[in-house]
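Given as C-alpha cells, the chain that follows is alone and in the form predicted on its own.
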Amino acid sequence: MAVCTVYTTQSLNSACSISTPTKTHLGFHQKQVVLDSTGKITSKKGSSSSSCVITCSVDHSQTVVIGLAADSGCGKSTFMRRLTSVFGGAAEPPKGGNPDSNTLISDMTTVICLDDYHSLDRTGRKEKGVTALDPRANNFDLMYEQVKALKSAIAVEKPIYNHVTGLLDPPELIKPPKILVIEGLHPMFDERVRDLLDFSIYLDISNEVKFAWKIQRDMAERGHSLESIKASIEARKPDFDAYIDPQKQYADAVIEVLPTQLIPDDNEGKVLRARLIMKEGVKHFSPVYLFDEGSTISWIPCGRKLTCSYPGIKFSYGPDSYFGHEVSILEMDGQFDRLDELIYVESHLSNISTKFYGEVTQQMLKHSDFPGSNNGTGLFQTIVGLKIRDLYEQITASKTAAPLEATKA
C-alpha cells in the first residue's frame, strides 16, 4: 500500500490529484483521482510507486501569479522583501529543505527564483559559450508547465539552481500558495508564461546606477573583484539588450531608476530619480496619481512640512505613452531627510490602496534599513506592493462571487 502525504485547501467542491515523484513536465508523473462531496475516491490513472502526494484544488480559488523581471543586481530581492512584508509574515526558505534553496515562503506568498529553471549549470554555460540570460540556457517548457500547475493549485517538484556551487541541485516540493511571485530574468520572455501572470513588474535600472549597485552587492556580499564585476557586466550586456530589456514593454508597471537631474553633471550617483510607469486599462489596477488624475503636475514639496537638504526633492506626474500603451507616470527626484515626514507626501497621493492613513509611511519606516528607503525607489516599490495586495483582494473577491452568482442563476 502506498504511503501518501496529503495537502488540502479549504473548499466546497475539490478536484484532487495524486502524484508520484518521478519526472514529467511537472517534475513528477501524475496519478489522478477524483474526490467527490461524499468522500468517494475514483482513480483515473495508476502507477506502482510506493510514495505519492495528493494535492487538492478549487476551480474558483486559483493562485494569483505575479511576475517581476529585472537584470541581476537590480533590487529584486529588496522588492520581494517589501512585497512579502505587505502581506505579513516573514519570508523564509522552505523548512527542512535545501539550505541553498532560492525559494522564499511566507504566510500568503511563495517567491520562486526563475534561475531555478536554468537548463545548464555554470560549467555547461561556459562550455557552450552562453550566459544565463540566453534563452538556450533555460527550460521554458518546464517553467510554463510548473507555473501553470501552481496557478491551478497543483503542487510541483521544482528544480533548484545552486548559486553557491553553480550546479543543478535535486528538486524541492512547492505547494500552491495564495500568491505566487516568479522573479528573475525571464518572467515575461515566454508568451505562455506571460499569459499566466495576473500582474507584472519590470525594474528598469539605468546603466550608471546598475553598475554602482552591482559593485556594492558583488564586492561586499559575494567577494567578487572589481575587475570580474566589470567583465561580467560587459559580457552580459548584449544578451541583456536582446532578451531581458525588451520584456519591459509587456509590464503592467515599470520602476525606472535614473541619475538625478537636480545636480548638474552628477557623477556620484548618490541621489537618484525614480519613475513609476503605470499602464492604463489593466484589470484590477488603478494607477496612482498626484493631486489631480490625468493632469500634468510638477511639485516641489520642500518647505515647512518636509525637510529637504541639497539638492531638494521634486515630484512630477502626468499622462504619457510607453511602447504604444497609454500610461500614467509618477516621478520623484531627490531623497528624504526624515522618513516620518513622508506622510505629507503620502497625503497628496491618491489610488495608493492603503488600508489606513499613513500606511505607506509606516511600511517605509518599518524597512528604513532597506536600500532605497530614502528615495523614490523604496517609495514606489512600497506603493506597488500595496497595489498588488489590492489586486489580489479584488481577484479573490471576484472568484468567490462567481460561484455564488452561478448558484443564484
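Counting begins at 1, following the sequence as shown. Only a predicted model underlies this, so the values are computations on that prediction, with no experimental measurement involved.
The next section is about a form of this same protein that is not shown, the form predicted together with a small molecule.
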ask   = So which of 89 to 97, 292 to 300, 116 to 124, 193 to 201 is the stretch with heavy atoms within 4.5 Å of the small molecule in the predicted complex?
value = 116 to 124
query = For residue 315, is any heavy atom within 4.5 Å of the small molecule in the predicted complex, or not?
reply = no
request  = Find out whether any non-hydrogen atom of residue 72 is located within 4.5 angstroms of the small molecule in the predicted complex, and reply yes or no.
outcome  = yes
message = So in the predicted complex, is the small molecule close enough to residue 236 to count as touching (4.5 Å, heavy atoms)?
response = yes
query = Would residue 112 show up as a contact with the small molecule in the predicted complex if we use heavy atoms at 4.5 Å?
reply = no
query = Which residue among 156, 182, 185, 143 has a heavy atom within 4.5 angstroms of the small molecule in the predicted complex?
reply = 185
inquiry  = Please identify the residue among 305, 136, 338, 163 with any heavy atom within 4.5 Å of the small molecule in the predicted complex.
reply    = 163
